[in-house]
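The chain below stands alone and is given as structure tokens, in the form predicted alone.
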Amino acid sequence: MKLTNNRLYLDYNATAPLDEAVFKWLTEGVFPFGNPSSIHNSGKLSKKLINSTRDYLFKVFKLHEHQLFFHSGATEGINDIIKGFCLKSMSLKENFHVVAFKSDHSCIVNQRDHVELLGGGFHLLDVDESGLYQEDEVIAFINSLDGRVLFNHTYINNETGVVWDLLKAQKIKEATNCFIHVDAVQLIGKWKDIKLEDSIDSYTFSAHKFGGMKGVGFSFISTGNDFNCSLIRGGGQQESLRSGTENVFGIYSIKLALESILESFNFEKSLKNKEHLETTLLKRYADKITIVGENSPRNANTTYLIVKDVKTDILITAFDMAGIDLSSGSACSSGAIKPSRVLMSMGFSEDEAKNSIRMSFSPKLDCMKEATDKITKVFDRFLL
């Protein structure tokens, strides 16, 4: 939670610091350097790290009917799966559609141009004011479409922390037989259950969200699925699901970080810490803040606030000057404040969607009282 410069880091949904286990391994500096596709001893040492990570992931997630491939992170992995689905549909000369939600991550929402360019239909559905959806409505919509359908289910929303029950995706699968992809990027170290279901077609993760290295992630995809048009073509590595020489260090960091977080993460403790903060904030600034998704199932580490009558950029600057790193769900790359697309999809006004502050905590948090004191000290300047 605290960085080496003694700042309070509350932006774990954006990225996590390297886990101590990964940092220790890197500082030891004994790395296999051989190409894992080579059959000599140096190559075998590299391949051994990849295989140990692969075996560990199958053991942890218990997916017996899936293949696994590594990639550069969730953005690439999701692009692989969606575009692979589209290309497969084209090869079958069948109509195809991608169905997602306006609250989904940008790497899903921004697929529209490419899906439509390939000749498919792209559909963004609304969520309700709680950030949830009704599976019966989704089932009816999918069944009204002509052709093959890929449906994206975001397990945990990166802005709000709202959790979509995996049972919903299973029901949709049973009722429509569509291809289902689950964005599981925010799952590890933030939710009580990481059990996945074999009935779901694909899942995508990104290592840097739970303490692994940046630039690496992994996806599970069901064996015998319709995905055989991989986006990255080359030497046929990873059973041709994703060609290119594997990022051995990055892949092994997945195993090290995941082992560490599963050993140390306590969901009940993390949830209690978050509830302590939110109770304090609601009592102190009752008429000034709204906790987004307060009555919805949410993960253990995310508090997303709408703050009344204070500009978000001013608040974030104040927190930054106080040594606290957090984010706004409405900040864009240019630095201008734009309304949060996620909040707008939930029915909040444009002004409310501009005034959002997200705090996302470490899964190893052990000093919430200290953090709460520092957070309220900043808020007091504007809200009391």
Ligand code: PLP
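Residue numbers run from 1 along the displayed sequence. Quick caveat: nothing in here was measured; it's all calculated off a predicted structure.
A second form of this protein, the form predicted together with the ligand, is not displayed here; the remarks below concern that form.
Here the chain stands by itself, but in the predicted bound form one stretch of 280-288, 68-76, 297-305, 245-253, 68-76, has heavy atoms within 4.5 Å of the ligand. A residue is said to contact a partner when one of its heavy atoms sits within 4.5 Å of a partner heavy atom; residue 105 meets this definition for the ligand in the predicted bound form. Contact check for residue 209: a non-hydrogen atom falls within 4.5 Å of the ligand in the predicted bound form. Interface membership of residue 185, defined by any non-hydrogen atom within 4.5 Å of the ligand in the predicted bound form, is confirmed. None of the heavy atoms of residue 111 is located within 4.5 Å of the ligand in the predicted bound form. Checked against the ligand in the predicted bound form, the candidates 273, 230, 158, 89 yield a single residue with a heavy atom inside 4.5 Å, and that residue is 158.
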